[in-house]
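Only one chain is included here, represented as structure tokens and corresponding to the form predicted on its own.
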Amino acid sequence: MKTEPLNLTPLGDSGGTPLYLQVKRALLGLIESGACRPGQSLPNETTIARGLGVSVGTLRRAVDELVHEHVLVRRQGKGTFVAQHNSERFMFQFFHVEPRADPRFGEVVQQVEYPTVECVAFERDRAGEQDTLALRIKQGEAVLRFENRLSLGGRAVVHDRIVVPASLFRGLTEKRLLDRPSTIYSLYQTEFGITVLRAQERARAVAADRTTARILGLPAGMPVLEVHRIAMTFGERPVEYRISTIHTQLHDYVSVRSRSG
């Protein structure tokens, strides 16, 4: 994607805020405003540093943090780019379920397996108490709810219940959801301008309810793992609340996955 010239203004006094954090905020502002779009490369370091009135070293420190936070990505020999949501990013940053290693084969690195996703429900609804707390919206505000079944190796493993504010995803229909060419987060980014940067997660052991039991083919009441995820965009704004119920008989929830797999 062609790099467009950026309108950069030298940074002023920010009341003692470290300079690299000011640079970081400036870059985030350019990305959030759309001046730097997903997949677009940034101008070279010297150009940005000169435009912001900082040293290249200060710029690099800010960029390093944004790379670590998956906002930017470095490509050797090509430059630094605004990160795009795709299947690879979804697998390594947001999907943490994988087949349990067979101890008979020692520490064998498992090949990454992309889940098969089926939408099993979609509706427009009103936010309940749990939704309002997670998404920081008003009680009764319009939301979209949809449920997915994720399968690995032909076995249903995850039941996702997803809620998003309707105001942020105007025009999202079940058809658009089903026809998406890539991941849900890629759809959010490319069609609605919502970039998921990170997620807060809490996990707990629960008994499978009747709906999850039916969708995953389990006996009702069977122990399962339930992960509550709040997906955040710029400014720590929540944009999605997801409850993932995971059948862990043959699969593990892995919080950190090596990219060498």
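Don't overthink the numbering: it's just position in the shown sequence, from 1. A quick note: this is a predicted structure, and the numbers were derived from the prediction, not measured.
There is another form of this protein, the form predicted in complex with the DNA, and it is not shown here; the text below is about that form.
S.K.: Taking a heavy atom within 4.5 Å as contact, would all three of 151, 160 and 212 count as contacting the DNA in the predicted complex?
M.R.: Not a single listed residue reaches the DNA in the predicted complex, so no.
S.K.: In the predicted complex, which of the listed residues (53, 193, 29, 221) lies with a heavy atom within 4.5 Å of the DNA?
M.R.: The residue from 53, 193, 29, 221 that makes the contact is 53.
S.K.: 75, 170, 175, 138: which sits within 4.5 Å of the DNA in the predicted complex by any heavy atom?
M.R.: Filtering the options by heavy-atom distance leaves 75.
S.K.: Hey, in the predicted complex, is residue 128 touching the DNA, heavy atoms inside 4.5 Å?
M.R.: Because no heavy atom of residue 128 falls inside 4.5 Å of the DNA in the predicted complex, the answer is no.
S.K.: Could you tell me if residue 45 has a non-hydrogen atom within 4.5 Å of the DNA in the predicted complex?
M.R.: Answer yes; at least one heavy atom of residue 45 falls within 4.5 Å of the DNA in the predicted complex.
S.K.: May I ask you to check whether residue 189 falls inside a 4.5 Å heavy atom distance of the DNA in the predicted complex?
M.R.: Residue 189: no contact with the DNA in the predicted complex.
S.K.: Please check if residue 61 has a heavy atom lying within 4.5 Å of any heavy atom of the DNA in the predicted complex.
M.R.: Although the DNA is absent here, residue 61 would touch it in the predicted complex, with heavy atoms inside 4.5 Å.
S.K.: Heavy atoms within 4.5 Å of the DNA in the predicted complex: which of the stretches 45-53, 201-209, 29-37, 228-236 has them?
M.R.: That would be stretch 45-53.
S.K.: Pull the contact list for 16-34: residues with a heavy atom within 4.5 Å of the DNA in the predicted complex, in sequence order.
M.R.: Going through 16-34 in order - heavy atoms within 4.5 Å of the DNA in the predicted complex - the hits are 18, 19, 20.
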